[in-house]
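Listed next as C-alpha coordinates is one chain, alone, in the form predicted alone.
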(Lines give C-alpha, C1' and ligand atoms only; values in the text may rest on other atoms or scores of the structure.)
Protein backbone atom coordinates (compact mmCIF):
# COMPACT_ATOMS: atom_id res chain seq x y z
CA UNK A 1 0.00 0.00 0.00
CA UNK A 2 1.47 3.42 -0.96
CA UNK A 3 2.77 5.48 1.95
CA UNK A 4 1.25 8.90 2.67
CA UNK A 5 3.26 11.77 1.20
CA UNK A 6 4.48 14.11 3.93
CA UNK A 7 5.95 17.59 3.94
CA UNK A 8 8.35 18.67 6.68
CA UNK A 9 8.84 22.40 7.20
CA UNK A 10 11.85 23.35 9.31
CA UNK A 11 15.12 21.43 9.07
CA UNK A 12 16.95 22.06 12.29
CA UNK A 13 18.35 19.03 14.06
CA UNK A 14 14.89 17.80 15.10
CA UNK A 15 13.13 18.60 11.81
CA UNK A 16 15.88 16.83 9.87
CA UNK A 17 15.52 13.79 12.13
CA UNK A 18 11.76 13.73 11.48
CA UNK A 19 12.25 13.91 7.72
CA UNK A 20 14.94 11.23 7.87
CA UNK A 21 12.63 8.87 9.78
CA UNK A 22 9.85 9.40 7.24
CA UNK A 23 12.21 8.70 4.35
CA UNK A 24 13.49 5.55 6.04
CA UNK A 25 9.90 4.34 6.41
CA UNK A 26 9.24 4.85 2.70
CA UNK A 27 7.13 8.00 2.80
CA UNK A 28 7.48 10.38 -0.15
CA UNK A 29 8.92 13.35 1.73
CA UNK A 30 9.03 16.98 0.64
CA UNK A 31 11.07 19.41 2.72
CA UNK A 32 11.44 23.16 2.98
CA UNK A 33 13.71 25.36 5.04
CA UNK A 34 14.64 29.04 4.82
CA UNK A 35 18.27 27.95 4.49
CA UNK A 36 18.00 25.48 1.62
CA UNK A 37 21.48 24.02 2.16
CA UNK A 38 20.23 22.26 5.29
CA UNK A 39 18.18 19.99 3.02
CA UNK A 40 21.17 18.61 1.12
CA UNK A 41 21.73 15.48 3.29
CA UNK A 42 18.02 14.67 3.02
CA UNK A 43 17.96 15.21 -0.74
CA UNK A 44 20.75 12.67 -1.06
CA UNK A 45 18.45 10.17 0.69
CA UNK A 46 15.47 10.85 -1.54
CA UNK A 47 13.74 13.94 -0.16
CA UNK A 48 12.33 16.54 -2.55
CA UNK A 49 13.27 20.15 -1.82
CA UNK A 50 10.43 22.59 -2.48
CA UNK A 51 11.31 26.02 -3.81
CA UNK A 52 8.83 27.78 -1.51
CA UNK A 53 6.80 26.97 1.56
CA UNK A 54 3.69 27.18 -0.60
CA UNK A 55 5.10 24.54 -2.96
CA UNK A 56 5.95 22.38 0.03
CA UNK A 57 2.39 22.56 1.37
CA UNK A 58 0.88 21.75 -2.04
CA UNK A 59 3.06 18.64 -2.31
CA UNK A 60 1.46 16.65 0.52
CA UNK A 61 -1.83 16.13 2.38
CA UNK A 62 0.07 15.99 5.70
CA UNK A 63 2.24 18.95 6.73
CA UNK A 64 4.54 18.63 9.74
CA UNK A 65 6.25 21.78 10.94
CA UNK A 66 9.20 21.75 13.32
CA UNK A 67 10.20 25.35 13.93
CA UNK A 68 11.20 27.07 17.15
CA UNK A 69 7.95 28.88 17.96
CA UNK A 70 4.35 29.16 16.81
CA UNK A 71 5.19 32.62 15.51
CA UNK A 72 7.94 31.14 13.35
CA UNK A 73 5.47 28.56 12.04
CA UNK A 74 2.90 31.19 11.09
CA UNK A 75 5.56 33.30 9.42
CA UNK A 76 6.81 30.34 7.37
CA UNK A 77 3.31 29.37 6.21
CA UNK A 78 1.80 32.84 5.86
CA UNK A 79 1.73 32.78 2.07
CA UNK A 80 0.76 29.09 1.75
CA UNK A 81 -2.76 27.81 1.11
CA UNK A 82 -3.62 25.33 3.86
CA UNK A 83 -7.15 24.51 2.73
CA UNK A 84 -7.83 20.80 3.16
CA UNK A 85 -4.39 20.05 4.55
CA UNK A 86 -3.70 18.27 7.83
CA UNK A 87 -1.28 20.52 9.74
CA UNK A 88 0.76 19.10 12.62
CA UNK A 89 2.94 21.50 14.59
CA UNK A 90 5.87 20.26 16.66
CA UNK A 91 7.33 23.38 18.22
CA UNK A 92 7.70 25.02 21.61
CA UNK A 93 5.18 27.41 23.12
CA UNK A 94 2.56 28.00 25.78
CA UNK A 95 -0.98 26.61 25.85
CA UNK A 96 -2.34 30.08 25.01
CA UNK A 97 -0.06 30.24 21.97
CA UNK A 98 -1.25 26.80 20.90
CA UNK A 99 -4.86 27.99 21.05
CA UNK A 100 -4.02 31.03 18.93
CA UNK A 101 -2.21 28.78 16.45
CA UNK A 102 -5.27 26.53 16.22
CA UNK A 103 -7.49 29.52 15.39
CA UNK A 104 -5.00 30.72 12.79
CA UNK A 105 -4.91 27.29 11.15
CA UNK A 106 -8.70 26.97 11.21
CA UNK A 107 -9.12 30.37 9.54
CA UNK A 108 -6.90 29.11 6.72
CA UNK A 109 -8.84 25.91 6.23
CA UNK A 110 -6.39 23.50 7.83
CA UNK A 111 -7.28 20.49 9.97
CA UNK A 112 -5.05 20.99 12.97
CA UNK A 113 -3.12 18.82 15.40
CA UNK A 114 -0.63 20.23 17.89
CA UNK A 115 2.12 17.99 19.20
CA UNK A 116 5.28 17.72 21.26
CA UNK A 117 8.33 15.47 21.03
CA UNK A 118 9.58 14.27 24.41
CA UNK A 119 13.06 13.18 23.40
CA UNK A 120 16.20 14.23 21.54
CA UNK A 121 16.67 14.13 17.74
CA UNK A 122 18.70 10.92 17.82
CA UNK A 123 15.72 9.13 19.42
CA UNK A 124 13.25 10.03 16.64
CA UNK A 125 11.80 6.86 15.17
CA UNK A 126 12.57 4.65 18.16
CA UNK A 127 9.78 2.39 19.47
CA UNK A 128 9.82 3.99 22.94
CA UNK A 129 10.08 7.63 21.85
CA UNK A 130 7.12 9.62 23.15
CA UNK A 131 5.16 12.13 21.09
CA UNK A 132 1.81 13.41 22.28
CA UNK A 133 -0.83 15.42 20.48
CA UNK A 134 -3.89 17.51 21.16
CA UNK A 135 -6.56 18.55 18.71
CA UNK A 136 -8.48 17.01 15.85
CA UNK A 137 -8.85 13.29 16.68
CA UNK A 138 -9.88 12.55 13.10
CA UNK A 139 -6.51 13.86 11.89
CA UNK A 140 -4.71 11.79 14.51
CA UNK A 141 -6.59 8.61 13.59
CA UNK A 142 -6.18 9.15 9.85
CA UNK A 143 -2.42 9.66 10.10
CA UNK A 144 -1.61 7.49 13.11
CA UNK A 145 0.48 5.03 11.11
CA UNK A 146 2.58 7.89 9.75
CA UNK A 147 2.89 9.64 13.12
CA UNK A 148 4.12 6.41 14.71
CA UNK A 149 7.06 6.50 12.32
CA UNK A 150 8.32 9.45 14.37
CA UNK A 151 8.07 7.58 17.67
CA UNK A 152 6.37 4.39 18.74
CA UNK A 153 4.88 5.84 21.92
CA UNK A 154 2.32 8.07 20.19
CA UNK A 155 -0.55 9.44 22.30
CA UNK A 156 -3.65 11.54 21.61
CA UNK A 157 -4.37 13.57 24.77
CA UNK A 158 -7.76 14.92 23.74
CA UNK A 159 -9.62 17.20 21.36
CA UNK A 160 -8.49 20.42 23.03
CA UNK A 161 -5.78 21.83 20.81
CA UNK A 162 -3.64 23.17 23.66
CA UNK A 163 -3.25 19.88 25.55
CA UNK A 164 0.15 18.95 24.11
CA UNK A 165 1.50 22.40 24.95
CA UNK A 166 -0.05 22.18 28.42
CA UNK A 167 1.60 18.85 29.19
CA UNK A 168 4.81 20.01 27.51
CA UNK A 169 5.11 23.03 29.80
CA UNK A 170 3.94 21.05 32.83
CA UNK A 171 6.58 18.37 32.33
CA UNK A 172 9.21 20.77 31.00
CA UNK A 173 9.09 22.83 34.19
CA UNK A 174 11.09 20.12 35.93
CA UNK A 175 13.99 20.20 33.49
CA UNK A 176 15.94 23.38 34.25
CA UNK A 177 15.72 23.13 38.07
CA UNK A 178 16.88 19.50 37.91
CA UNK A 179 19.75 20.34 35.58
CA UNK A 180 20.84 23.42 37.54
CA UNK A 181 20.79 21.33 40.72
CA UNK A 182 23.07 18.81 39.03
CA UNK A 183 25.33 21.56 37.69
CA UNK A 184 25.52 23.07 41.18
CA UNK A 185 26.65 19.71 42.52
CA UNK A 186 29.27 19.47 39.79
CA UNK A 187 30.51 22.97 40.67
CA UNK A 188 30.80 21.97 44.33
CA UNK A 189 32.85 18.89 43.47
CA UNK A 190 35.04 20.86 41.08
CA UNK A 191 35.80 23.34 43.89
CA UNK A 192 37.45 20.40 45.67
CA UNK A 193 39.27 19.16 42.59
CA UNK A 194 36.89 16.24 42.09
CA UNK A 195 35.57 15.17 38.68
CA UNK A 196 31.90 15.74 37.89
CA UNK A 197 31.79 12.16 36.62
CA UNK A 198 32.12 10.91 40.20
CA UNK A 199 28.69 12.44 40.92
CA UNK A 200 26.90 10.26 38.37
CA UNK A 201 26.15 7.08 40.37
CA UNK A 202 24.80 9.07 43.33
CA UNK A 203 22.82 11.58 41.27
CA UNK A 204 21.28 8.72 39.29
CA UNK A 205 20.14 7.01 42.48
CA UNK A 206 18.72 10.30 43.71
CA UNK A 207 16.70 10.83 40.53
CA UNK A 208 15.42 7.25 40.78
CA UNK A 209 14.24 8.00 44.32
CA UNK A 210 12.42 11.11 43.13
CA UNK A 211 10.69 9.07 40.41
CA UNK A 212 9.62 6.51 43.00
CA UNK A 213 7.79 9.09 45.17
CA UNK A 214 5.95 10.90 42.37
CA UNK A 215 2.94 8.52 42.53
CA UNK A 216 2.61 9.29 46.24
CA UNK A 217 2.69 13.02 45.59
CA UNK A 218 0.13 12.84 42.77
CA UNK A 219 -2.23 10.89 45.03
CA UNK A 220 -1.89 13.56 47.72
CA UNK A 221 -2.42 16.39 45.24
CA UNK A 222 -5.45 14.80 43.58
CA UNK A 223 -7.09 14.01 46.92
CA UNK A 224 -6.10 17.31 48.58
CA UNK A 225 -4.99 15.33 51.64
CA UNK A 226 -1.43 16.19 52.70
CA UNK A 227 -1.77 15.02 56.30
CA UNK A 228 0.49 11.94 56.24
CA UNK A 229 3.78 13.25 54.89
CA UNK A 230 6.80 11.15 54.11
CA UNK A 231 8.65 14.47 53.88
CA UNK A 232 7.07 17.52 55.45
CA UNK A 233 7.39 21.18 54.60
CA UNK A 234 9.14 21.70 57.95
CA UNK A 235 11.88 19.25 56.95
CA UNK A 236 12.59 21.17 53.77
CA UNK A 237 12.44 24.47 55.65
CA UNK A 238 14.97 23.24 58.18
CA UNK A 239 17.24 22.05 55.38
CA UNK A 240 17.37 25.44 53.66
CA UNK A 241 20.32 26.64 55.73
CA UNK A 242 22.37 23.60 54.72
CA UNK A 243 21.46 24.08 51.07
CA UNK A 244 22.53 27.71 51.14
CA UNK A 245 25.61 26.81 53.16
CA UNK A 246 27.10 25.34 50.01
CA UNK A 247 28.02 28.92 49.15
CA UNK A 248 30.96 28.54 51.56
CA UNK A 249 32.41 26.00 49.10
CA UNK A 250 32.60 28.65 46.39
CA UNK A 251 29.27 27.86 44.70
CA UNK A 252 26.64 30.41 43.70
CA UNK A 253 23.39 29.22 45.29
CA UNK A 254 21.29 32.33 44.63
CA UNK A 255 19.08 30.41 42.17
CA UNK A 256 17.68 28.43 45.11
CA UNK A 257 16.33 31.45 46.99
CA UNK A 258 12.90 31.60 45.27
CA UNK A 259 12.31 27.92 46.06
CA UNK A 260 13.21 28.45 49.71
CA UNK A 261 10.91 31.48 49.77
CA UNK A 262 8.08 29.23 48.55
CA UNK A 263 8.76 26.76 51.36
CA UNK A 264 8.84 29.61 53.89
CA UNK A 265 5.46 30.86 52.64
CA UNK A 266 4.06 27.36 53.15
CA UNK A 267 5.26 27.37 56.77
CA UNK A 268 3.72 30.79 57.32
CA UNK A 269 0.44 29.52 55.87
CA UNK A 270 0.32 26.78 58.49
CA UNK A 271 1.38 23.92 56.26
CA UNK A 272 4.61 23.04 58.08
CA UNK A 273 3.51 19.55 59.13
CA UNK A 274 1.93 18.79 55.74
CA UNK A 275 3.59 16.89 52.90
CA UNK A 276 5.95 18.91 50.73
CA UNK A 277 3.52 18.30 47.85
CA UNK A 278 1.25 20.90 49.51
CA UNK A 279 3.37 23.47 47.66
CA UNK A 280 1.00 22.71 44.77
CA UNK A 281 -1.64 24.67 46.67
CA UNK A 282 0.57 27.75 46.84
CA UNK A 283 1.43 27.43 43.16
CA UNK A 284 -2.23 27.15 42.15
CA UNK A 285 -4.20 30.29 41.34
CA UNK A 286 -7.87 30.54 42.22
CA UNK A 287 -10.08 28.02 43.98
CA UNK A 288 -7.56 25.18 43.83
CA UNK A 289 -5.09 27.33 45.75
CA UNK A 290 -7.50 27.76 48.66
CA UNK A 291 -8.03 24.06 49.39
CA UNK A 292 -9.09 23.69 53.01
CA UNK A 293 -7.97 20.05 53.10
CA UNK A 294 -4.36 21.21 52.99
CA UNK A 295 -4.65 23.35 56.09
CA UNK A 296 -3.98 22.43 59.66
CA UNK A 297 -7.14 20.96 61.28
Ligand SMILES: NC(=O)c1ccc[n+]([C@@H]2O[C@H](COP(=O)([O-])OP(=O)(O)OC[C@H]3O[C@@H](n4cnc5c(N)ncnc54)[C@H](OP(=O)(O)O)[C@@H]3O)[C@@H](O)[C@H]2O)c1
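Everything numeric here is computed off the predicted structure, so don't read it as measured data. Numbering follows the first chain given and starts at 1.
Although not depicted, the form predicted in complex with the named molecule is the subject of the following passage.
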{"property": "Contact of residue 203 with the named molecule in the predicted complex (heavy atom, 4.5 Å)", "result": "no"}
{"property": "Contact test in the predicted complex: residue 13 vs the named molecule, heavy atoms, 4.5 Å", "result": "yes"}
{"property": "Heavy atom of residue 91 within 4.5 Å of the named molecule in the predicted complex", "result": "yes"}
{"property": "4.5 Å heavy atom contact, residue 266 and the named molecule in the predicted complex", "result": "no"}
{"property": "Non-hydrogen atom within 4.5 angstroms of the named molecule in the predicted complex for each of 199, 245 and 249", "result": "no"}
{"property": "Residue (of 80, 117, 149, 101) lying close to the named molecule in the predicted complex, criterion heavy atoms within 4.5 Å", "result": "117"}
{"property": "Sole residue of 231, 257, 68, 52 within 4.5 Å of the named molecule in the predicted complex, by heavy atom", "result": "68"}
{"property": "Interface segment, criterion being heavy atoms within 4.5 Å of the named molecule in the predicted complex, picked from 70 to 78, 105 to 113, 158 to 166, 206 to 214", "result": "70 to 78"}
